[in-house]
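A single chain comes next, written as structure tokens; it is the form predicted on its own.
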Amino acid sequence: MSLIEFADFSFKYLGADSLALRKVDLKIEEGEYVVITGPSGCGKTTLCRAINGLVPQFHRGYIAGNVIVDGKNTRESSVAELAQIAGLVFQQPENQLVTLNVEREIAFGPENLGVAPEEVRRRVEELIDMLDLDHLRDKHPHEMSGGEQQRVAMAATLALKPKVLVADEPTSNLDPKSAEAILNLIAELNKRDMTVVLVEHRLDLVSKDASRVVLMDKGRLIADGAPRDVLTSDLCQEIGVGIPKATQLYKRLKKRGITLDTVPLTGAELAAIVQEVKRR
């Protein structure tokens, strides 16, 4: 069984005129790094909420089909129960920071789940070390920068020991350097065997690490496959998704009759391909 499975799943928020998700079929296996992208309002955030049970447990509305996460149907499981399987990091980190300092923030979730105090302390110290938060441990979350808040929100989510990290555009309000640091951290977590579902528009920074890219438009999944396949399809341009510059150049060269051996996703990959061509 897949770790996450959407089976013919549709959802419409109470009072909304149209479906946020339309007949979604999606399977995500353990250890994958799946990037979800698409234009604003296409249903990406609703998809994230459906994985950790906020849809339909908190956000009410019309629902059809099912979402099964680690064998649990999200219609029948509480958000608290699902948070231990699928941890969600929000687009606005300040919306999920609730305590007075970083230490308490990281400890908050496990304490509320009844985790033993010595285990809570171990998790807090492990995550402070992993996410480089030692200099912030006594600081109030609202005194920190956006990038620092995002790291704290991620630590608080990881403290629940979830199987899946679901991150909904975690870099949308960050400067490029902070964004790159957060995305590198997510890639590192995936390399440590954590399954990742990431909503992101900075495809130049994430496509090299992703195992799959899923394109969404108007509540539907319109493409799902390897990054090099999906990002070279014309669908990206049709729905207004910006692809990495190196991939854009590959497509332009191909139109002029020059086909490179592989599709580059980064400037470094493109440079390596060009050097190889020069050596021939």
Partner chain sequence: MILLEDVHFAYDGLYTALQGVSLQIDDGERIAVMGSNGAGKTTLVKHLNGLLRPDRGRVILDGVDTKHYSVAELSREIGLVMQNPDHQLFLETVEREILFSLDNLGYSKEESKERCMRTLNDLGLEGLAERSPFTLSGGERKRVALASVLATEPRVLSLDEPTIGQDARQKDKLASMLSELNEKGKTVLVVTHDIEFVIENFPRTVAMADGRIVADGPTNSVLSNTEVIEKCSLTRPQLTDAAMCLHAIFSDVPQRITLLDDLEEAVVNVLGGT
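Residue numbers count along the first chain shown, from 1. Given the structure is predicted, the values throughout are model-derived calculations rather than measurements.
We do not show the form predicted in complex with the partner chain, though everything after this point is about it.
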query: Heavy atom of each of 31, 132 and 223 within 4.5 Å of the partner chain in the predicted bound form; finding: no
query: The partner chain in the predicted bound form: contacting segment from 143-151, 103-111, 188-196, 124-132, heavy atom within 4.5 Å; finding: 143-151
query: Contact of residue 84 with the partner chain in the predicted bound form (heavy atom, 4.5 Å); finding: no
query: Distance check, residue 201 to the partner chain in the predicted bound form, heavy atom within 4.5 Å; finding: yes
query: Partner proximity in the predicted bound form: residue 209 to the partner chain, non-hydrogen atom cutoff 4.5 Å; finding: no
query: Proximity of residue 266 to the partner chain in the predicted bound form, heavy atoms at 4.5 Å; finding: yes
query: Among the candidates 119, 76, 138, 175, the residue which, in the predicted bound form, approaches the partner chain to within 4.5 Å (heavy atoms); finding: 175
query: Contact set, 83-100 vs the partner chain in the predicted bound form - heavy atom within 4.5 angstroms; finding: 91, 92, 94
